[in-house]
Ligand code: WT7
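The chain below stands alone and is given as structure tokens, in the form predicted alone.
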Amino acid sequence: MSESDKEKQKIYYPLPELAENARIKSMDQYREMWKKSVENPREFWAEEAKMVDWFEPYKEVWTGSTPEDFVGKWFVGGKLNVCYNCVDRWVEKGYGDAKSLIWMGEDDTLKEFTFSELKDAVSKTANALKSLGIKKGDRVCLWLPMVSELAITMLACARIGAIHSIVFGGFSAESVKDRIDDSQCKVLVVADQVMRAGRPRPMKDNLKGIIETCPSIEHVAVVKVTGDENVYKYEKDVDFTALVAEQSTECPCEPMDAEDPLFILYTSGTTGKPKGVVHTTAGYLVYGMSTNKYVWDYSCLIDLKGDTVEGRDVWYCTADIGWITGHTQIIYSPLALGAKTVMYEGVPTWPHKGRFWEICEKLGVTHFYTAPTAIRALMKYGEEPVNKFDLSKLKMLGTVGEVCNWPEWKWYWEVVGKGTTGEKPVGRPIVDSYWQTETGSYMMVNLGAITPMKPGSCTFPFFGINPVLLDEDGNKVTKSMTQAYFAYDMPWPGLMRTVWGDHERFVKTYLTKFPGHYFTGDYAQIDDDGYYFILGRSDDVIKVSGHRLGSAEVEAAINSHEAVAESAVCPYPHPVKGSTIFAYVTLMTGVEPTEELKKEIQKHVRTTAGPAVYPEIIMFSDALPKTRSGKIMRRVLKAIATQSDIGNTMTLANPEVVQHLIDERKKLGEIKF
């Protein structure tokens, strides 16, 4: 076994001092709590629901009965308001002067909202929406960059009971139209322009000829980011910035039923019509608060951990609010716990490659949460951009969105976290979280302060979560390191309730394949120690000579080569094997692509992962086509490899990459075996 493999297979431990003030102080305590949470979920979630301030108490925790009614209803009869729990209650409890949302712009502008200031800003925005005719139950579409108005407007919608549908700022206008039409939004809130890498880029201009075809839209509320007067104008336009400015700061919170929808969030739509995932008010809030409280242990107002109110930790999630990570991990869960949460406008590599670390130093960040995609992008530039900044206040690191493979995990642990590499490595924990838009918050995750880590593993289930591995016939798979379908055999409060306007699609997509279970659509496996490893989407399986290979497994082997920054694989037809592996490989900065390097990578994979994982075809690429959430668009890669119809690429974050890959594929010519 190579030294690298030995390092990869070690167990890594969090700094021991983190457990001293943790809410859960040992793995034995975790296991005891988890057992109780799955054996008596009603009792467990009733206790967790005490974190919420209710206008009226609920009558029943959960009405479902697995498998007859898998999802059921949660906190039935309870009345509450999410915005009240995120903002108003902290003011009423005497913490109005405590910092809440910290927003930083590309140009270093800093807005540090106290809870009182946030309450006033949200109330004025809520009144502006009401003046446009928005009331409880109406849908409002938000198409904004990462400006503070995005956070404020989503809270304003929650305040008055409107259902927000946030569309990632980088999506096309056609994508906005699809979402508006599906949920019949009455108002679109949009920015005039967006600042990106120091330059204003068009946003509202992209709506020309498209917004006119959305019959449900009554007003287009324009947020002035740059104030450019030459931006496209529409007869339904409202200067939303000016309208908000003239409003009162008095706006009562609308009492909401526990099961009332809080928001709709559409999946990226890489296949078929986008699904409008519906999350409800109470269940989503309770579950998100619970996950953040136990997993990260950051000090916050919910229990006044820390010496003083302003001695609280600083939480920085780098996600975009246009995705579920931003909803749950930047706004709703941290604010409801009374945390200080950071929101950044720009990209991680501008104006320099150390931007993330500069923000951590400047704002005193203690808990940092990002995606493996971002880590891979930054590790290409080496250690210098990290080492320039003081990261001594960091207590925990985290990853979200995809599997964090060994190369990026190791770099994150050693370079950012300054973790040790001895016989028993100790350092700042890396919280590896597995969850989905549909699940509301973490499902599989390590408790940062106490859980021993295995690189690439999302470790163990969160409270109230009972994962199962199933074969094609729905039988439980218990054999160690056997690839199986990944599902859950009991519900939890944060689970989505339906697909907007299409409940049948919800049932068919998630609840039908394995009755009595929620099916994630992923493959996973478990090792002898009970650690879970996610292997990728079940529709990303490559079958080579009868071997079923998850894409994540193959890519991890390729990525472990020191010259590789990132890779993606897809099946390619083979006359004997049925399919073989076609690999797209992005190299580290400064590494030249050569035929010799291709052979070296192939040899490396064969040696480290076995002949079944051998990538028979390698094509070097400068970048990979990805959705706005950072997920690789495998459908497009497969089409390019087989030189077939690529289809719709409007949801790509980097559509220009596609033509480059097509040109490179042509150079390969006919592939013979």
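As the structure is a prediction and not an experimental result, all values here were calculated from the model. In this text, residue numbers run from 1 along the sequence as written. Take the two forms, find the largest set of C-alpha atoms that superpose within 1.5 Å, and that set is the rigid core.
Not on display, but discussed next: the form predicted in complex with the named molecule.
- This chain is displayed alone, yet in the predicted bound form one of Thr586, Thr580, Thr341, Ser433 has a heavy atom within 4.5 Å of the named molecule; that residue is Ser433.
- When the named molecule is considered in the predicted bound form, only one residue from Asp205, Glu259, Glu361, Asp522 comes within 4.5 Å through any heavy atom, namely Asp522.
- Contact check for Thr349: no non-hydrogen atom falls within 4.5 Å of the named molecule in the predicted bound form.
- Although the partner is absent here, Gly401 lies within 4.5 Å of the named molecule in the predicted bound form, judged by heavy atoms.
- The named molecule in the predicted bound form comes within 4.5 Å of a heavy atom belonging to Lys543.
- Using a 4.5 angstroms limit between non-hydrogen atoms, Ile211 is distant from the named molecule in the predicted bound form.
- Partner proximity in the predicted bound form, defined as non-hydrogen atoms within 4.5 angstroms of the named molecule, places exactly one of 309-317, 436-444, 225-233, 555-563 at the interface: 436-444.
- Candidate site formed by Ile324, Ile534 and Arg537: every one of these residues places a non-hydrogen atom within 4.5 angstroms of the named molecule in the predicted bound form.
- After superposing the rigid core, the C-alpha of Asp107 moves by less than 2 Å between the shown form and the other one.
- Core-superposed comparison between the shown form and the other one: CA of Glu250 displaced by less than 2 Å.
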